[in-house]
Structures are given as C-alpha cells and as structure tokens.
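So this first bit is one chain, no partners, the form predicted on its own, shown in structure tokens.
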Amino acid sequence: MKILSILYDGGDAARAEPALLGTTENKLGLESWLQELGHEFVVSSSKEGPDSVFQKHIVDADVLITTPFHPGYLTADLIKKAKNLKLAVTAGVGSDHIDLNAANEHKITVAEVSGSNVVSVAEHVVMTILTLVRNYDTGHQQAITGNWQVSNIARKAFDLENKVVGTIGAGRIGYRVLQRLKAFDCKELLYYDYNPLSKDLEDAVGCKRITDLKEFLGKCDVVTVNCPLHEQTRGLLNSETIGYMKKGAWLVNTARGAICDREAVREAVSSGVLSGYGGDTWDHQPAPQDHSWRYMVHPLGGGNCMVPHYSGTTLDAQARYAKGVRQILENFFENKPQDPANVIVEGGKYATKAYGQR
C-alpha cells in the first residue's frame, strides 16, 4: 500500500532530538516498520497547491496521515481525485482539515488519536489565561528591552481569583481546563455545551452549565474555546457574539482558529473591547506573515498571547499520538475494528457527535 504523510519540518531541532516524532525527519517513528511490511511511505511538508507533494501523491495513496499542526487540507475536490484512499489518520486530535461530509460520501474512514493531547492543551490553556490576566507579556517586553515602568504593567494586571471563567466545550480538554482552574478559587466556573456533564462531574469541579450563548458570554471575565470546528462552530465568536462579552474580558482559543472571526478579534483587541486574545490555533496554518493576529495590540499595550500551533505537540503528546497512529494502522492492515473513541467517520456515517449534532 501507499501511505502518504504530511508533517511539519523539524530541521536541526528534529535531527538533534529524535523525540520530535511528528516531523518529516523522524516520520512518527513509522518508516522502518512500514518498509519492513512492504509499504511505500511518502513523507513531506509540501502541501499547498497542485505541484505539492501532497496533491501529487494523494491521487493514488491508500492511507493519508496528516497533523493539526501542519494540516494537509483534504478538500472535497481532492477526495474525488483520491481514488484509492481508504483511511485518513490525524496524528493528534481534530480532523476539521478533512472534508468529513465528502469522506462519508466516498466511504473513507477518518480516525484520530483521541486523548493524545488533552493534558497538553489543557495546561496550555491555563498558561495562556494566566499570561493574559496577569499582563505578563507587557512585563516581559520591558524586561528584555531594558525598560522598567511597573505602572504600565500593573494597570492591566489582575488576579484570576474571584473571576468568572467559562469554557465553550466541556469535553476531554474543556473539562480538564475546569479541573485545573478549580485551584484558583474563581468566582464561578461555567461551561457552554450541547452535551451536559453528569452531576458528579459538575460537582467535582464546581462548575455550572449555561445553555444560552449570549447569557454565557455576558457572565464571563475569561472565555476559553475548547470545542471542535464544524459547520455550527465556524465563526461562532464574531463581531456580534464578542459584543455580548464583558468589556475588557479575555478570550483564549486553542481549539481551532476559524471558530473566531479573524477581523472581529483584531478589532476587539485593537479597540480595547477585549483586554486580550491568546492561543495557538490560526484560521490557516502555517499563518501567513501578514496575519493580523500576529500584530494586534491592546491600546494600553500587550493583549496578544498568540504563538504557533504547538500546544498539543509537546514531546509527551508526540509520543502518545505516534503510538496511536501506529495502532490505527495496525488495525487497518489486519482488518481489525478501530477503537471507537478514535473514529470520526466510518462506513459513510459520523461515528461521533463531537463534530456537531447531526
């Protein structure tokens, strides 16, 4: 079989650190195993345009492996051309870079390594919240540029204690965020999700479900986005819905960039409607050089806590998702059923409600 994998280039870092498994250099640790089994294994970072390795090889690939951190965007048009494609594997979590409806039409199984990054991302969320609320970046910039004006930092620095924090999505990641926030003695921990948590889980962290988005946003000092991207969540945070938020609230998005409208976020931060925006997911990845989220700044400085998409690709997470990809492939080669928790679509049907109620 032909297995095509689109990963990010690790360069010197990957050559020096073999634990950077999710790179083109280290190939998820799969190369020798796949070659021993007699499979052709094509690995590249080239993914944009008709002359890319991705688009040239997808036409006869049996299996596609790609990653949320450098996604090969498997569109409906490419799926039509991929006559041999039977399985698309996400090395990580989040398969919105694949047209899932088209995958269903062509009976392509889409699977991901469920749970591989949940701790990694939850920790990143809490770090980003603290970085924004404490106005850390403004202080750090002073430190490394030789300045010292404490008042310019402190005027936008707050405690997380006694703040209302809410998560859009209370699944594997969102709930772990709530667990970690409990220790900060927040005034309230809220969640907005079509799927309610059990009373035991709510009681364990002291959280409360709000079913109306406008009410939810209006209550929160901090909103963190922890839901998948699909038709119902694309552009969910836009000019109108950001307008429901408290003036001066903070918004964190480590889910998918396209859940938040690019221009609406830029305007809200630049005008001071939001005190800050942070995360690691962008509406197209890699983000173009002129992407407005790279440069937006609050009127009082700071307010921008954006980084490249890496929250779910720590070395610990890479070990988990590399192991998970191999297990998915083993099941596929041996015609064994996949772990249901990993399956997004199969046999022309959605196998999960994570990508919207259908």
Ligand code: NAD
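From a predicted model like this one, the values you see are computed outputs, not experimental measurements. For every residue, the number given is its place in the sequence shown, counted from 1.
The same protein has a further form, the form predicted together with the ligand, not shown here; the description that follows concerns it.
Residues with any non-hydrogen atom within 4.5 angstroms of the ligand in the model of the complex fall in just one of 100 to 108, 191 to 199, 76 to 84, 152 to 160: 191 to 199.
Listed residues 181, 237, 121, 129 were compared with the ligand in the model of the complex; 121 is the one with a heavy atom within 4.5 Å. This chain is displayed alone, yet in the model of the complex one of 260, 177, 93, 223 has a heavy atom within 4.5 Å of the ligand; that residue is 93. Within this chain, residue 54 is remote from the site of the ligand in the model of the complex, having no heavy atom within 4.5 Å. The ligand is not shown here, and in the model of the complex it never comes within 4.5 Å of any heavy atom of residue 8. Residue 354 belongs to the set of residues with a heavy atom inside 4.5 Å of the ligand in the model of the complex. Though the partner is left out of this view, residue 71 does not reach within 4.5 Å of the ligand in the model of the complex, counting heavy atoms only. Shown without its partner, the chain has 309, 311, 312 in segment 287 to 322 as residues with a non-hydrogen atom within 4.5 angstroms of the ligand in the model of the complex.
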